[in-house]
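Here's a solo chain for you in structure tokens, the form predicted on its own.
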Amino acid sequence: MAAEFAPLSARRLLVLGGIGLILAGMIFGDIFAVFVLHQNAARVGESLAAATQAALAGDSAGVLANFGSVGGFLENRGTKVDTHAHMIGFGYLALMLAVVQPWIALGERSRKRLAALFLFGAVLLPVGVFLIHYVGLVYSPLESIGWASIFADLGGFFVLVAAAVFLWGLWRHFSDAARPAVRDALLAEHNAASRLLLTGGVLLILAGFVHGAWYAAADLYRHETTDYNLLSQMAAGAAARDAAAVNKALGEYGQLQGEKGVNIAAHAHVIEFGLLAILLAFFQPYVDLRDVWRRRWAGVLLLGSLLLPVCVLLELRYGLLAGGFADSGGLLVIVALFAMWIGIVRYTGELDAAPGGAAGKTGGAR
């Protein structure tokens, strides 16, 4: 498989860069969840309650000030969530592009440059999004768009261009009636860790679909109706200066948003982890670890992938205890993913160090 993983090849750049992006996004997400998310949600609730009390007192300036604070807290949260999501999403896309590299009808040099452009944009966009909350419109040449947003959009443009050219190369290959048959040694090799990840990934995605269907059928429409009713009750209570009714509706509204949030988060995470497991299954032959350790790290990744969404669902009932276990599940995924990344780095190091190239190396032999 050495030919498919040559030094500085497009596939090598995309595999190492893609897993690196996912790792960075997950570490950032864990830090955000522990140190920002819960505190931010509490501040949003406090500001919303203060705005409601100001409305009851007829204090229009207080209402505007508190809603301004809510907007700031939501922007802070939104940019962090977008940073986390974009890094992981671009990592998934990089791994997908790495899988199809042998079928892209472009020269290796062009593919390598496109891979580098893709990864540069995949880093630039989330960094720009992260800075939006802190940079704002300072020294911006535009009235409503700051420098951080400009660079984030530029990063997205680089990713879009690189992905579009890769897809064009893929179309060129399959539209050529005289195309030569391509046999990719990576996809032809299957080991126990690959099979475990493929099976576990499919089951995780299936579980996510089942949960999403159940939530849509049992709770989604009820939640939407309750959301509207509670907002109407808050408005009516504020108009009637009924503080008890407003506080009751406000408490129920916070509980409702929490219930919606944990269901959506659990649904999204279990499907994302399933997709991650399937993508990693393709690259297990590049993980230069003993077979037993490849299986162990695959098992750890699947355990964390199940533990996190299940504990997220339990947060409303068990509070911070379930939240702590959910964060532990994320940590298990991060550790397993980092171990696989190290194994791939070992493979590439031995491949580069082998005399005259390691054309016959298959990886993971020890």
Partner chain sequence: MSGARRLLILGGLALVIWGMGYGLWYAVFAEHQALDGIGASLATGFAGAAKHDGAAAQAALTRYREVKYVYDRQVDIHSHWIGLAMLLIVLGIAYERVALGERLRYLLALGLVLGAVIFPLGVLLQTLSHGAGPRAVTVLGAGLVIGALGGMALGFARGPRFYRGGRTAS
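Residue numbers count along the first chain shown, from 1. Given the structure is predicted, the values throughout are model-derived calculations rather than measurements.
The discussion below concerns the form predicted in complex with the partner chain, not included here.
Checking A148, L114, V159, A266 against the partner chain in the model of the complex, a heavy atom within 4.5 Å turns up for just one residue: V159. Proximity to the partner chain in the model of the complex, taken as a non-hydrogen atom within 4.5 angstroms, holds for one residue of F120, F73, Y253, F130, which is Y253.
A residue is said to contact a partner when one of its heavy atoms sits within 4.5 Å of a partner heavy atom; D82 meets this definition for the partner chain in the model of the complex. Contact between E108 and the partner chain in the model of the complex is not found at the 4.5 Å heavy atom cutoff. Using a 4.5 angstroms threshold between heavy atoms, Q39 stays clear of the partner chain in the model of the complex.
In the model of the complex, at least one heavy atom of D184 sits within 4.5 Å of the partner chain. Applying a 4.5 Å heavy atom cutoff to the partner chain in the model of the complex picks out no residue from 310 to 331.
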